[in-house]
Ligand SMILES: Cc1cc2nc3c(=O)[nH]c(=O)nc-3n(C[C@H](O)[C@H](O)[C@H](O)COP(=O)(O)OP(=O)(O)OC[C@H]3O[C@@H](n4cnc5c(N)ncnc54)[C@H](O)[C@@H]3O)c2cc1C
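The form predicted alone is given below as one chain in structure tokens.
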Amino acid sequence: MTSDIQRIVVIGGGQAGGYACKALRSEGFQGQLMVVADEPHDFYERPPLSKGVITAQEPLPRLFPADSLAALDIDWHRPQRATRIDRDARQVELNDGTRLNYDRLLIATGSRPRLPVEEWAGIGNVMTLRSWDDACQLKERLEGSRRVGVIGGGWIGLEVASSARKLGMEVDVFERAPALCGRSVGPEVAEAIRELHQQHGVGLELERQDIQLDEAQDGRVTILADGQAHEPYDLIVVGTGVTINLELAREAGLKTEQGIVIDAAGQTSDPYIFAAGDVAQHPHLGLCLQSWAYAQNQARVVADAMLGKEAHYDEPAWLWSDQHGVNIQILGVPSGETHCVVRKEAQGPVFFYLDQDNRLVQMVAFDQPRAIKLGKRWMSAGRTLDPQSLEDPDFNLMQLR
């Protein structure tokens, strides 16, 4: 450990910030650990917010038990915002004027929901979902709703649609693209997701380019989609992507593209500043991954690097979604020319996207977590696979370990 590191500031109280703090202490950092968070809550996970929190009254999904969190000995600054990074003085300025000195700085500012039309923010029964407070409000609003409209056919929108159906509501999903989750999975997977939602009674309005909202006198909201009016909805949930919180980094002069540009150790263009989680552009993919696994595992690597240890992050993208009781896991991202091999089993289908040399580029499994574990090994080894074996449900995939 570098002896001159006595003060570390973490901007962001989410999953990446939390796991970085835990890793720093686990690796022996005994100096002052300061966390700036814009929410008053302890570190928590976001995936349950669109599922169990709004359907089963689950409590705040804390990352760590109270005693483990206390052992991290964090100097909290919450709810507060970092408003400026002074790189020359190595200080972070907060909204109340406080200035925090740092020897190493971690930016884990995450992202925020994006509204396609700014005016929608002024409509009372239009919501986005990102934080614990959002989830609590959404749960309360759902309790008094009969019809729910979801704008956005990506992962968050579809999870909300699934939860609302579980609670017995009528649900329609409006999506501009011709397929669900079309930017992150192939057409074969998108079709399987569409069938899943239709089987569970979700109305799907795809390829709706012009979507307008109008608030009625009773507070309900009418959707006008490509000129077609729909019966008013009690609640509208918008899940049309996120804006990466890059403002601090850009104003500080750090190199940014889609996210903050980092190397495999999480270091930014400033040797004293690191980035983790949503805001950190994946060092190999050049993308910002809104992924639980990336936030956790990449943050651990960054913690080592901040302490001067050899560290690099090279894991493939991996995320999952729970919809209508089905666990959908996605390994890898769409890339280049691929062909799809579909394996149909009783538990659920597995989709293999292979390159011209029959190496795995992306894999999507419905209720097949063991298959995903194998896929990680194949990707890591760059293994050449036999499409006929993958497709045959009687062939034991474990033989390809």
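Note that the structure is predicted; figures quoted are calculated from it, not measured. Counting begins at 1, following the sequence as shown.
Below, we refer to the form predicted together with the named molecule, which is not included among the displayed structures.
Participant: I'd like to check something about Leu248: if you look in the model of the complex, is any of its heavy atoms closer than or equal to 4.5 Å to a heavy atom of the named molecule?
Facilitator: Heavy-atom contact with the named molecule at 4.5 Å: present for Leu248.
Participant: For Gly266, is any heavy atom within 4.5 Å of the named molecule in the model of the complex, or not?
Facilitator: Judged by the heavy-atom cut-off of 4.5 Å, Gly266 is well away from the named molecule in the model of the complex.
Participant: So in the model of the complex, is the named molecule close enough to Tyr102 to count as touching (4.5 Å, heavy atoms)?
Facilitator: Outside the cut-off, so no.
Participant: Does any heavy atom of Gly152 come within 4.5 Å of a heavy atom of the named molecule in the model of the complex?
Facilitator: Looking in the model of the complex, residue contacts with the named molecule do not include Gly152, since no heavy atom lies within 4.5 Å.
Participant: I need the one stretch from 252 to 260, 142 to 150, 183 to 191, 320 to 328 whose residues put non-hydrogen atoms within 4.5 angstroms of the named molecule in the model of the complex.
Facilitator: That would be stretch 320 to 328.
Participant: So in the model of the complex, are Val9, Glu58 and Leu106 all sitting within 4.5 Å of the named molecule, heavy atoms only?
Facilitator: No, the candidate spot makes no contact with the named molecule.
Participant: Consider the chain as shown here, without its partner, and state which of Thr98, Gln80, Thr222, Gln91 has a heavy atom within 4.5 Å of the named molecule in the model of the complex.
Facilitator: Contact residue from the list: Gln80.
Participant: May I ask you to choose, among Val302, Val171, Ala295, Leu235, the residue with a heavy atom within 4.5 Å of the named molecule in the model of the complex?
Facilitator: For this set of options, the contacting one is Ala295.
Participant: Using the arrangement in the model of the complex, list in sequence order the residues of 25 to 39 with any heavy atom within 4.5 angstroms of the named molecule.
Facilitator: Counting only heavy atoms within 4.5 Å of the named molecule in the model of the complex, the contacting residues of 25 to 39 are Val36, Ala37, Asp38, Glu39.
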